[in-house]
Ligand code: EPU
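Presented below, as structure tokens, is a lone chain in the form predicted on its own.
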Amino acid sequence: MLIQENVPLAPFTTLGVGGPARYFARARGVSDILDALEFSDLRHVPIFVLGGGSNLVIADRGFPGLVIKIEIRGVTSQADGEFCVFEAGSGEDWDTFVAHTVDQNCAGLECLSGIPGTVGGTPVQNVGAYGQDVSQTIRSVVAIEIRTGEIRVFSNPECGFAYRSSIFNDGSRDRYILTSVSYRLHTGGAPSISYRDLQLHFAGRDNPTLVDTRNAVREIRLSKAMLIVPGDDDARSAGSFFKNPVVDCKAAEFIAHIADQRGLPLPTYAAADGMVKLPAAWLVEQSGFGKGFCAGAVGISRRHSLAIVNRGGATAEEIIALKNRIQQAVFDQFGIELKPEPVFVGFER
């Protein structure tokens, strides 16, 4: 396996910021990963595992250790009664994989079309959109334990899925490198049209197909600059930068009261255990950071108020500065601490 030195990382990210990796390796199989782990042990350097770079902010100084770019490919499928189990390498492009499952007339991932990144990133943050989460279909995850090199298979319950989280970014963060993921999808199943945007899109139309739904999701994502389009600075982002906060009923009522005073109804959504999910986009906009906001080379997407964008030539420091401004403004006005979605690499902890 080739180990490169001082490789710029910004081109590997959708946000387009960040300095170099001290060491850089491409892993196309399990043996490459094990070789990379041995190299990091011998050099006593930290490692960072890089997938599609779509949910990532890398510091301007880069990363002082070894970046392992996961490029494990391959997709297999096997019938399981009225279901089909697809196993995909963690380096597979996510949207291409979703397209493949839709082409096979298998339901369960169609609403996750157009999300940038790789298969391996989806269990980590329990990726979800338009009424679907991968936790609803993931059967198992195969991973290598970094410390021992042992290969482990995690069942769905063992992944500890919750809203935008799993053990892989929570209790066992930085402990495993995912090599493949299997999904159990419904053969010939109907598409999920539960999300409001999709219901509006298909209003007056009966029985949209999986292909119709996939195309609609991509069209909607494009309208919100949530589809990667080369040359579109509104799409030069890390996706939604903040998670929708989940609060208790008392906090939700307090914020709803503020909204009523402003004459701006607050949309809310039921969450688990009697909690309430608030729209982070509404909180951001009502705190003075509307669509199209600019602060030099960084800003807010003109089509999506949760996307912090690089207008061209931005630095990671500028991205973080805007993030901090938004978080502080939301806290000052609503008492809500917005939590970011991206992974931050190379920053002081």
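The numbering used is simple: start at 1 and walk along the sequence shown. All values reported here derive from a predicted model rather than from experimental measurement.
Absent from the display: the form predicted in complex with this ligand. The rest refers to it.
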Contact test, all of Y130, K224 and E341, partner this ligand in the predicted bound form, heavy atom 4.5 Å: yes
Contact with this ligand in the predicted bound form, heavy atom within 4.5 Å, among R218, R184, K243, H201 goes to K243
Selected contact from L322, A281, V57, L66, since only one has a non-hydrogen atom within 4.5 angstroms of this ligand in the predicted bound form: A281
Can you tell me whether N310 touches this ligand? I mean in the predicted bound form, with a 4.5 angstroms heavy atom cut-off. no
Contact label in the predicted bound form: I70 to this ligand, heavy atom within 4.5 Å: no
Looking in the predicted bound form, any heavy atom of G189 within 4.5 Å of this ligand? no
Using the partner position in the predicted bound form, report whether E285 sits within 4.5 Å of this ligand, counting heavy atoms only. yes
In the predicted bound form, segment of 150 to 158, 92 to 100, 251 to 259, 264 to 272 with a heavy atom within 4.5 Å of this ligand: 264 to 272
Where, within 179 to 212, is there a heavy atom within 4.5 Å of this ligand in the predicted bound form? Residue list please. Y195, D197
